[in-house]
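A single chain comes next, written as structure tokens; it is the form predicted on its own.
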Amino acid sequence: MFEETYLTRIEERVFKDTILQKETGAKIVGVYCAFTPKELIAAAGAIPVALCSGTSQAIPAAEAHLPRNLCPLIKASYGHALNDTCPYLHMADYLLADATCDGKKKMFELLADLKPLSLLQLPQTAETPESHASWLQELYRIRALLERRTGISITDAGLLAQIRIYNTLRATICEVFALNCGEMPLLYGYEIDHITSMAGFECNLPARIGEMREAIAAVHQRSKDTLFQKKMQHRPRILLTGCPSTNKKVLKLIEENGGVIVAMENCGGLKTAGFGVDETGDPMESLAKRYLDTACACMSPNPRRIDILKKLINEYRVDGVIELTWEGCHTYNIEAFTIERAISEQFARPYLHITTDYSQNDTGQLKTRIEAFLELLA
């Protein structure tokens, strides 16, 4: 139902909306990770756009400057900047980049030669009052930077208005995922990815929320079809966790071989969409708390990730967990040991850890491993 044409139509609408806003003076701000509060950008009258890349074509150019054994997500992002092959990056006036993993931090030093870039100094723990105070101070610095760049003053009232819009967006994304909480899942993982994708520029969010709700209505209508019900019966229910699924190779292999991804914990999924910003307190304090609490493997310790996984396993009736780690991502690769132990011992679910890159070289091997894992769950 929700094939490439669905996303293409939305991308065209979003692109047109962005051009109209840019012609009236709106700035475009590129972001690279889930820690950057997009509410701040929007409150300054600017348009956020996510720039992490999922394609392999730009990687050879990046490897002229970056190590070959670096994470493919980082190489793809930098390669597109070198080649000027990403329309979102091309249109960005400046970039906000979070200091998460070491690979990204060092790549951002090179990227700053290509685009104006400000690095957000992210504390490496969310567990202490000192880290929250440091992060709050950093967000105030970014607030002042955005005001200078856009010429627009960010008021607390304007910021609260954007917090409410983004909270509605998160709640709507959760509504899409929740369609898979029942006895029979109503969506494939690739369909969830299509429906919830922001299609690039984050402008006119009310329209994007409306499109998602239209999709939800269509899914409920399709669920009455007996042929669809038959297709969904007896498919092992998979929770996908780990690195951002920027490249869709593993997602497709799981569902082409008989599984259904009922939930995704990774960035862009329920780890980030499942938690809103407090609308009752000071908006800057609320933003600092919400974003610093993101359960990323770059944080140490990172107990919230296990809490989230437990919640999702129960709510989505998960049969098995597959963890995706991009080659060269040491933070997720090391944390996978802790995650496997929790999944296997605490939650009593089968676990499969896949380490791969963006190429198709290991597709056959991955297919064999995934098929064997799904047979174990059948």
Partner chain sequence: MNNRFAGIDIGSRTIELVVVDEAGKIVRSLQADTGYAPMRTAEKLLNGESFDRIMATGYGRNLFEVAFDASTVTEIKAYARGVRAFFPTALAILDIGGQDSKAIALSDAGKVRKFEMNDRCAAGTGKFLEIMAQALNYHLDSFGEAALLSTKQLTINSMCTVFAESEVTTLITGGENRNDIAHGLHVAVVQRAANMLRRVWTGGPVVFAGGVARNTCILHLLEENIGQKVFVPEDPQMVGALGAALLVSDDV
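None of the values given here were measured: they were computed from a predicted structure. Positions refer to the first chain, counted from 1.
This next part talks about the form predicted in complex with its partner chain, which is not shown.
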Testing 51-59, 30-38, 349-357, 311-319 against its partner chain in the predicted bound form with a 4.5 Å heavy atom criterion leaves exactly one stretch, namely 349-357
Taking heavy atoms only, is Tyr6 within 4.5 angstroms of its partner chain in the predicted bound form?
no
Give a yes or no for Glu340: in the predicted bound form, does one of its heavy atoms lie within 4.5 Å of a heavy atom belonging to its partner chain?
yes
Looking in the predicted bound form, any heavy atom of Lys367 within 4.5 Å of its partner chain?
yes
Taking 4.5 angstroms as the cut-off for heavy atoms, does Glu12 touch its partner chain in the predicted bound form?
no
Partner contacts for 322-339, taking its partner chain in the predicted bound form and a 4.5 Å heavy atom cut-off:
Glu327
